[in-house]
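Single chain ahead, written as structure tokens, the form predicted alone.
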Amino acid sequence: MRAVTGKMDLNRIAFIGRTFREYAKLFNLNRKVLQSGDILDCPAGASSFTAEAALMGYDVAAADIQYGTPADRLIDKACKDTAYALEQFKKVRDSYDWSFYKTPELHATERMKALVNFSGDFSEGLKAGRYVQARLPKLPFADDSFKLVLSSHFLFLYGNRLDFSFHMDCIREFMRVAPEARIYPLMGLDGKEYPALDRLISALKAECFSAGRQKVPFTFIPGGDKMLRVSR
């Protein structure tokens, strides 16, 4: 593993995606968890977790602010943002732990697999209700609509752009719609843990939630092998 020598410099919150294989590692998912009930991916971006999970027979939905965009424009945005993010990765490739992806080329392949599977499922999935437009920190779902919320590469990754109250409000909303939420990563684009994480965990515990870091079998950002697990 190499030490961090640089950082990602994304000038926007990128609409890119991850695959089912990645989610299984990011959130320490197993068959028992996947079969336990409805799962919400939020914000899901262009991830193919929902598309792939649906084919496997799991009950999964995805929510994202961008899902109100016409499909052709949304997929065009996903293509451009994915290309942009991959270009930024090239500039700091030595800053990352490649034990999971093995090479930058295979990492790019994973990004494109997510994009292709998401693009192929989005229009039909939108009609079927698998994809729902939602703007955090408010979700258009009834209390306890899900058993688990997964939140990938948003809150803490862009922690320098999202204030503490927003983080708390989002997690409270996750707890309203499900008894458990898992959030990954805990690191920002600078490769450092979200600086207010201990404060956030303490605030959640003060509201009678169970909250803490939990190790996961995945690392890309060095040291980024933990998720935040919150439950009630």
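These numbers were taken from a predicted model, which means no experiment stands behind them. Residue positions are given as counts along the sequence shown, with the first one as 1.
From this point on, the text means the form predicted in complex with a small molecule, which you will not see here.
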Heavy atoms within 4.5 Å of the small molecule in the model of the complex: does A196 have any?
no
Within a 4.5 Å heavy atom cut-off, is R135 in contact with the small molecule in the model of the complex?
yes
Can you work out whether P43 and the small molecule are in contact in the model of the complex, taking contact to mean some heavy atom pair no more than 4.5 Å apart?
yes
Check whether I65 has any heavy atom within 4.5 Å of a heavy atom of the small molecule in the model of the complex, and answer yes or no.
yes
May I ask you to choose, among H107, R130, H153, K113, the residue with a heavy atom within 4.5 Å of the small molecule in the model of the complex?
H153
In terms of non-hydrogen atoms within 4.5 angstroms, which of the given stretches 53 to 61, 175 to 183, 35 to 43, 197 to 205 touches the small molecule in the model of the complex?
35 to 43
